[in-house]
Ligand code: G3I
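Just the one chain here, the form predicted alone, laid out as structure tokens.
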């Protein structure tokens, strides 16, 4: 009888230990540091249970890869496509995952009808309708918005988008004000690439603009560092940290919003080491800097990454390989978040 009780107790203990171990995922470790981890989700992912399981395991926040952009969700002046967005949000809600909207305004992937805008008044009317229609429909269901995406040129000058040309440089603050008015509880971000290192012209221009917004009371909650990095280019963790901290001084969050680290393929041993070093450094920064609130990779599997289609000869930028297996770099990121 005693042996039976001991056996039952031992099996129960093993079950508890296995259950405990099963819970120690990337998102769980990151959550202990106040960081939400996640991935960009493609529409095709919603039809693949293996993909959905990876998303569930790794994500406390998700962002749409494409289905929330203008040409997908609002292709005609009076036409709206909600099906794909609704499916993604329903999946996230079912699995208690937050959703970031990406993006309300961008210079790419726009419908043709926007090119017919000629006056400031026309553009403001269309801008306001886009904001209010989306943010009213999903009020309370979208936790964060990339309100404007990629508003600067590399030299720090403003990108001449349709909104800049028709409305003027104040289109950004107008969008932020309208967004806050429509959903006061959603967090509002501005998102950009090559803006992560203090001292970079684009990064400094973005900081100065945001600092001015804060000074004037323009509503903004944070800034996204896309962090599309490459092993062949210098990476300066000190400059990234100082940039994060100057946003903290403004009382703003920083999102690592579209992380991937590409390298020449097939990768060399040195490229793999460099990639791991960069990913681990970013995880360390996210863990240690209190105002870094999310660490989102732009997808999860190299099979579907945008990188090979955009940068010829480059790839292997994400944490899962083409066979949906975790790569050593995944384990390095997990171990960094697992540290105290």
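Numbering follows the first chain given and starts at 1. These numbers were taken from a predicted model, which means no experiment stands behind them.
Missing here is the form predicted in complex with the named molecule; even so, the following discussion is about that form.
With the named molecule omitted here, the record of contacts in the model of the complex names 102 to 110 of 230 to 238, 246 to 254, 136 to 144, 102 to 110, defined by a heavy atom within 4.5 Å.
Using a 4.5 angstroms heavy atom cutoff to the named molecule in the model of the complex, all of 258, 298 and 306 count as contacting. Contact with the named molecule in the model of the complex, judged by any heavy atom within 4.5 Å, is made by just one of 226, 182, 166, 200: 226. Just one of 125, 154, 71, 204 comes within 4.5 Å of the named molecule in the model of the complex, counting any heavy atom, and that one is 71. Contact between residue 150 and the named molecule in the model of the complex is found at the 4.5 Å heavy atom cutoff. Contact annotation: residue 281 falls outside 4.5 Å of the named molecule in the model of the complex, judged by heavy atom distances. None of the heavy atoms of residue 302 is located within 4.5 Å of the named molecule in the model of the complex. In the model of the complex, the named molecule lies farther than 4.5 Å from every heavy atom of residue 289.
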